[in-house]
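The chain that follows stands alone, in the form predicted on its own, written as structure tokens.
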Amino acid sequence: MNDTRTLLADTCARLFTDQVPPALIESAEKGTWPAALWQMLEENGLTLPQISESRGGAGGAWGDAHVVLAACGRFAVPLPVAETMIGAWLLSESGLNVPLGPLTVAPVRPAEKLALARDGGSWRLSGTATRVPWGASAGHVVVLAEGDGKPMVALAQGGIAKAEPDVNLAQEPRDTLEWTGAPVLAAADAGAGLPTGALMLAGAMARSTQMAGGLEFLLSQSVKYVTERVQFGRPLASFQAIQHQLALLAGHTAAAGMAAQRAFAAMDEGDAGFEIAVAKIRTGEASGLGAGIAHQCHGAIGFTYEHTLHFVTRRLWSWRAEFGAEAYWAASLGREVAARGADALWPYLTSR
């Protein structure tokens, strides 16, 4: 990590330590929008770190976004930071202006499709998207849709869709949105720099690094707890069975973090499909195993609402299934390998 990203990581850690206490997460889970926290993130340039300055961003790279999103995962920040970064990327790569405020993106499931139809000089949006993060409350929705037989990116005003509110296991909004010939604010052909399946790829990459950050929290909290907790006259950390579990958790955390970091580096290099699929599989697997280990080390206390452990473990379980679970990305990798042929597998792996 270079000096700039070290400074960025320190800024995120200080801000979230001060501004994201358990009370704020509890309030967000009951439906209160943390407006002051969002304003701080925008003022510090943390919502659009990889967007060019000409489009209203901080002028950094995806590697900078990785630092911010890992911290968001570690502190269970209850805001659509990842969705705003992705939406702004789709807009800017397609030559569209990026509005201020929180964004969300749709559709977030590969089987769902949206359509744009011409209406004179403008476009109208139709279709249904399920499990849209903060779909009913985001200021704008950035959609990837089909228009005139080609992929397009459009910006829709928030609140114009028929919304059916829902939440995930972590009580984060995951709403169903339905548009029926709704006007959009702007639309353009999907930018040439956007890869096929851009929204799914970026979403999987973002969730991977959020999960990697969450695993770092689980490891630090588990080490702290077993060091302080005394049983049978000595700290839990002195028992070999506990040490073995913590070693497993540390290994999964390190592997997940490296996979997520590599995906963002590949994104900056321009060809990240393989690395993103690997990262989503590895961090998803680590999240399931890591959450189990952390709760075992904490005993029953980690399940109580008063303890902070569940704020992160419930997010890990939820994020694992979003933007494609391990099975989806494993199948994608398998098809890619099969298409290349057996002789190309080893050279391809060693070239990444």
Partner chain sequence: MATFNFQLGELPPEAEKVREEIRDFLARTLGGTSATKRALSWGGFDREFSRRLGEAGFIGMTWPKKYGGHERSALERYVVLEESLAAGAPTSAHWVADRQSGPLLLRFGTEEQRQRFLPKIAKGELAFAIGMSEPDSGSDLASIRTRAERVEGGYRVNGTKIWTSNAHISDYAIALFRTKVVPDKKHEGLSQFLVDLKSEGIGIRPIIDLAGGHHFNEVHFQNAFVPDDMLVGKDGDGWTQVTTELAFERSGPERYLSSIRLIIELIREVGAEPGERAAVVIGRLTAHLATLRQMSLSIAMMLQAGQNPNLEAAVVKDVGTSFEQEIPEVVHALLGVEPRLGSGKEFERVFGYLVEHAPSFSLRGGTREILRGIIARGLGLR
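Residue numbers count along the first chain shown, from 1. Computed from a predicted model, the values in this text were never measured in an experiment. C-alpha atoms forming the largest set that superposes within 1.5 Å between two forms make up the rigid core.
Note that the form predicted together with its partner chain isn't included here; everything after this is about it.
- At a distance threshold of 4.5 angstroms between non-hydrogen atoms, G251 is in contact with its partner chain in the predicted bound form.
- Among heavy atoms of R14, none comes within 4.5 Å of its partner chain in the predicted bound form.
- Residue contact check for H244: one or more of its heavy atoms lie within 4.5 Å of its partner chain in the predicted bound form.
- With a 4.5 Å cutoff on heavy atoms, R124 does not count as touching its partner chain in the predicted bound form; it lies far away.
- Annotation: in the predicted bound form, residues S220, R282 and D343 each come within 4.5 Å of its partner chain through at least one heavy atom.
- In terms of contact with its partner chain in the predicted bound form, the residue from A182, L79, V278, L185 that brings a heavy atom within 4.5 Å is V278.
- Of the stretches 262 to 270, 190 to 198, 94 to 102, 141 to 149, only 262 to 270 has residues with a heavy atom within 4.5 Å of its partner chain in the predicted bound form.
- Within 4.5 angstroms of its partner chain in the predicted bound form, the stretch 317 to 350 places a non-hydrogen atom from each of A327, A330, A331, L333, G334, R335, V337, A338, A339, G341, A342, D343, L345, W346, P347, L349, T350, taken in sequence order.
- The rigid-core alignment places the CA of A331 less than 2 Å apart between this form and the one not shown.
- Relative to the superposed core, A13 shifts its CA atom by less than 2 Å between this form and the one not shown.
- Once both forms are overlaid on the rigid core, the distance between the two CA positions of A342 between this form and the one not shown is 2 angstroms or more.
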